[in-house]
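Okay, here we've got a single chain as structure tokens, the form predicted alone, with questions on binding and movement later.
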């Protein structure tokens, strides 16, 4: 789920190709570039290649934008936007907002029509996909509806053969000087929990529901599971979240994850920690989720959110010399090269970081490098990420765990949002700003924001990390009073290093 899919596999190394692999510098204007996959990694790469004068063909079978636009990031965040609106109204009466006929202090007088919500989700995703297609066409990029696979040989002049099976039943044989594999990933399924698209669902199938589940059981408490569990809880469904770990969002900042789990429980969600699903079965009118300890959780629907599988099978990668990990991910270096001559890869099929922003940057870097332009290698230390729960969790750079476990030195400060004057005005009582700096230089090296729209609030910290600003430089910027961003400069001030102490 682009910005929201599973955590990157731990068995996916990214070693650099051997030093004798030729760089594709100088292969520019007029060169034929074929891109397999039209998601963020693919279409952003296509735009760069076209800008540099290459002849570009994008092969995509599901629609431009790929899973990120059609079944993952755009749809899920559109659904969450409705859920977010309902969470904002949670304390409306506390702000003095009344509705005729509703007793002061009562809850639950708003509800969502899931058929209308999902109709909007699908329409918005289709519109975004069309916008991308039209943009590529304006740039002169050829779009083929179909599925491509690499030939296993290289011609004497260094070109590769790409075989395309078109969706209309035909086929094409293309010759490419440069190939980018950006085929993404698909939802991981379990042999004991096979999705049927009706009661047992993957995240890609959730938008076909016309009625709100009476009781949704979510298996998996990573980013995708937490986002959907929180959204459906806010939409009004009873939700049980099955987490195999000690807490939800086990790979995230511990304080942030603890706060989100507390919010989930406060809103009535049943969170089963240290519980692992053994099987999911259909019943006459719902599902039953069997846990490994013998307990059985009954529900009306089950979402299986246990990560993704790279879409790299049966497209000729191994035969073409592309190295794959045991999990099926493509091995790439920091400029998106594979070990096969003139074959690059980007996005979730590489397992580097399952974020749409990272896929897009990998794709751009691949084309800049392949076509001989200046290019900085991918720097994961400057990647900002966001989890679209309510409140949201945004992170950048060094984590508190890195500091506590001794991987890096850092000074840490944490300010609760409840003391921020704008937060008080908005009725925000949960959330915080955490900032991490280098104790010797004062340079900002990391941060966490837990707040409504944290995805927007993290930007000042992201700029500080990227541009290596010090806490004093960040603290010296004027902020609006009152504003939530004022907590960011306040956090920076608490990390000030005095001349005496330095």
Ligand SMILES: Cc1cc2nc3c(=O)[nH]c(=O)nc-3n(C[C@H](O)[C@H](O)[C@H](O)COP(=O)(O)OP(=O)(O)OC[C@H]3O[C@@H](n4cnc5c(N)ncnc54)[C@H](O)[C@@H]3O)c2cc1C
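Note that the coordinates shown come from a computational prediction; the quantities given were computed from them, not determined experimentally. Positions refer to the first chain, counted from 1.
What follows is about the form predicted in complex with this ligand, which we do not show.
Taking 68, 147 and 359 as a possible spot, do all three reach this ligand in the predicted bound form with a heavy atom inside 4.5 Å? Spot residues vs this ligand: full contact, yes.
Just one of 317, 117, 280, 355 has a heavy atom within 4.5 Å of this ligand in the predicted bound form. Which one? After the contact test, the surviving option is 355.
Here the chain is shown alone; which of 59, 436, 471, 433 has a heavy atom within 4.5 Å of this ligand in the predicted bound form? Here the answer is residue option 59.
Partner proximity in the predicted bound form: residue 224 to this ligand, non-hydrogen atom cutoff 4.5 Å: Residue-level check for residue 224: yes, a contact with this ligand.
Given that the partner is absent here, does residue 76 sit within 4.5 Å of this ligand in the predicted bound form, heavy atoms only? Contact with this ligand, yes.
With the cut-off set at 4.5 Å between non-hydrogen atoms, does residue 447 touch this ligand in the predicted bound form? It does not: once this ligand is placed as it appears in the predicted bound form, residue 447 has no heavy atom within 4.5 Å of it.
Give a yes or no for residue 344: in the predicted bound form, does one of its heavy atoms lie within 4.5 Å of a heavy atom belonging to this ligand? So residue 344 does not count as contacting this ligand.
Report the stretch among 35-43, 473-481, 437-445, 456-464 that approaches this ligand in the predicted bound form to within 4.5 Å, counting heavy atoms only. Contact criterion met by 35-43 only.
What residues in 162-192 sit within 4.5 Å of this ligand in the predicted bound form, counting heavy atoms only? Contacts from 162-192: 182, 183, 184, 185.
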